[in-house]
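The form predicted on its own is given below as one chain in structure tokens.
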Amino acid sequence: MNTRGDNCEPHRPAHPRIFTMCEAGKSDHHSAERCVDFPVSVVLPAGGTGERTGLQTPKQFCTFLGRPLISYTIQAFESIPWIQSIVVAVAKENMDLMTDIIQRFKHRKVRAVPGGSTRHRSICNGVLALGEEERPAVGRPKVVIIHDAVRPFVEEDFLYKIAMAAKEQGAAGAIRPLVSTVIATTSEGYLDHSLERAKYRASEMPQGFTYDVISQAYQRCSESDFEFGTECLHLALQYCGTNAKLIEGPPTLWKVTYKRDLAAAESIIKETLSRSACVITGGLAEAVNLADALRKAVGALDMELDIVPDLMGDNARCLLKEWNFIQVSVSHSCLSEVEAILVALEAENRALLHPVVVIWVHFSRTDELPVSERAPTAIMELASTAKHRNILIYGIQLKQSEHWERSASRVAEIASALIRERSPALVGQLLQA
């Protein structure tokens, strides 16, 4: 499966640029370009039963890496500062479940409303809820973005294009090239005719509308539209005369439809979360040397390392990134340094939304005794407690040798594999490098 870049085939999952947070105080040259001076809200229809996945649980509530799919989608929108509110329309029987998800993962901009028996009815309920917003500070939006709850890989750059085009044109929507040729069949099951694929595009999400356009479209549409329709852009054209601006979207807009798509989404998120780590040295020269060697070794593993002496002051910015942590301890086997990382992570709620990997690398000199007999038990106990807080702790023991570069390379390989795989079976283990 190709999960990298924008040059992959249109029907395959593409690797998103997601889950990133700007460093505090760091300027973003896109900020001016993304200035949105009008209120924008989001409606996420999430009333589907997920029949095509073949699972009993609706796909939007299927869990991987400790979180339901819909929570990842919500986070993608919550991380965008100019999105003011999000309404999720769910089946009435799932209202308590959705409320629990909002509370458990501390989603701030979200509220759940009862959905309808069809897609259009659910979206309509969400739009009406925005017009009846109970929070005076929020108010009615200028633009409403409609997006599928099971498309978690939506990017701010593209949402900005949709929002601005919707404000100017009244409606805007994402499109993608068709992958397969579309054919029409006769009632007897024979080929009737085919369409020229180059002239057609697949309609995707997100779609954006001014509030007036989408609300009037639903006020004027027929029962047949509510019952059988699925295309919001068509309603805007038919009932409001608003011709939508169509914008080709990135390959990352793919939708979780089948069971295999859930596995693909989990794989993409795990890979995204495994691309970087912060190495904490304590300021000791030997630890710094090992960290520098690790940085060189992981370069070939498509991973980025940041090296800091501690997580105090300006270095605390590392806690705000979607990074993992490697603590290098020299000449002692005390786990207090790892415990300090856990305290810092808990204070920032860093492990709430994504599992964080913390690796303790104990570097012992050749003239010293190996790590104490108590250490394996201690790290196991610490890891068992941390696992309940979505933090995965592993250990690596490294002895000083003449083949320094080879040892560092081995540590890099083990650390990269632990961060990438996040294996529950190895949590709390003390591995030898």
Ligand SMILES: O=P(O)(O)OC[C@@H](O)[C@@H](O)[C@@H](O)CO
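Each residue number is its position in the shown sequence, starting from 1. Quantities reported herein were computed from a predicted structural model and do not represent experimental measurements.
Quick note: we don't show the form predicted together with this ligand, though the next part is all about it.
> Given the stretches 243 to 251, 177 to 185, 198 to 206, 286 to 294, which is the single one in contact with this ligand in the predicted complex, using a heavy atom cutoff of 4.5 Å?
Selected range: 198 to 206.
> Find out whether any non-hydrogen atom of E346 is located within 4.5 angstroms of this ligand in the predicted complex, and reply yes or no.
So E346 does not count as contacting this ligand.
> Answer with yes or no whether E266 is in contact with this ligand in the predicted complex, where contact means some heavy atom within 4.5 Å.
Contact check for E266: no, nothing within 4.5 Å of this ligand in the predicted complex.
> Heavy atoms within 4.5 Å of this ligand in the predicted complex: does K255 have any?
Result yes; K255 sits at the interface with this ligand in the predicted complex.
> Hey, in the predicted complex, is E271 touching this ligand, heavy atoms inside 4.5 Å?
Flag for E271 set to no.
> Answer with one of E337, E322, E231, E156: the residue that has a non-hydrogen atom within 4.5 Å of this ligand in the predicted complex.
Comparing distances to this ligand in the predicted complex, the residue within 4.5 Å is E231.
> Does this ligand come within 4.5 Å of a heavy atom in each of R410, E413 and R420 in the predicted complex?
Heavy-atom distance to this ligand in the predicted complex: none of the three under 4.5 Å.
> Sequence order please: the residues of 271 to 304 with a heavy atom within 4.5 Å of this ligand in the predicted complex.
The stretch 271 to 304, when checked against this ligand in the predicted complex, contributes no residue at the 4.5 Å heavy-atom cut-off.
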